[in-house]
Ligand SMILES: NC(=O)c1ccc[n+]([C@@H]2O[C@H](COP(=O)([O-])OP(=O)(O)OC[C@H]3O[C@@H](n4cnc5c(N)ncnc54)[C@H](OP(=O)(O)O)[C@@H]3O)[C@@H](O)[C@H]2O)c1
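One chain is shown next in structure tokens, namely the form predicted on its own.
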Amino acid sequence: MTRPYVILNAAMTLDGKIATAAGDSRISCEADLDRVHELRASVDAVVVGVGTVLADNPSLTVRRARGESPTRIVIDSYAKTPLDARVLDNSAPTIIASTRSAPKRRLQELRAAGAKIIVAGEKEVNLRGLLEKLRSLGVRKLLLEGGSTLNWSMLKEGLVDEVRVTVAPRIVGGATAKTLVGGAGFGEVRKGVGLELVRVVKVGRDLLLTYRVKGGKGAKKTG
């Protein structure tokens, strides 16, 4: 294997929103939050985009389940992660994946704040190269927690093996509200990422759908 097994996990409303137009992303019920923390405890690392850090300031640790917190990875091409962000506390290791275009002083400040820096790419993080590097560092299973831009980039590059989506019984609307996957999108439905439904489970008030990505490592097993 040259890269980790990747699980995309997210919660969305019935109309596909992962946050409202005003930025409220509190979608999961209590039972689903417990599930997410159990999932974090089962992986080696969890990855988000810097947009998620700036919008939600998550800690990405395990608090509602038994087990150790995974290594936290932030995809941050220009080193915009705030020095007081929760992902930089001492509760778990943190990696900032950045580029050669990021300000060197800013990278030094992030190192001083306790983060390990991995430079992968010129102006945008080379996701495939980063995942290969992470695999060499011992990351075998990686949890992708978004947001929508990173979800698109990972799916477009064929770097997701399994998708777990919790659907909450809410409709929030909003033309500018973020959806599960953003980015440029595919021009034709037939060119979209193919999925195979493998499990449907009710979690509290919500519905958890688990899919294998056709052609990925998940095509044969769920990891």
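Model, not experiment: these values are computed from the prediction. Note that residue numbering follows the sequence shown and begins at 1.
Only in words, not in the display: the form predicted together with the named molecule, which the text now covers.
Candidate site formed by V62, L143 and Y211: none of these residues places a non-hydrogen atom within 4.5 angstroms of the named molecule in the model of the complex. Within 4.5 Å of any heavy atom of the named molecule in the model of the complex lies no heavy atom of D44. The named molecule is not shown here, but in the model of the complex it comes within 4.5 Å of a heavy atom of E124.
Residue contact check for I27: one or more of its heavy atoms lie within 4.5 Å of the named molecule in the model of the complex. When contacts are judged by a 4.5 Å heavy atom cut-off, R135 does not count as touching the named molecule in the model of the complex.
Out of the listed residues L150, A102, L131, I95, L150 is the one that sits within 4.5 Å of the named molecule in the model of the complex by at least one heavy atom.
Checking A115, V139, A85, I75 against the named molecule in the model of the complex, a heavy atom within 4.5 Å turns up for just one residue: I75.
Here the chain stands by itself, but in the model of the complex one stretch of 48-56, 62-70, 167-175, 187-195, 48-56, has heavy atoms within 4.5 Å of the named molecule.
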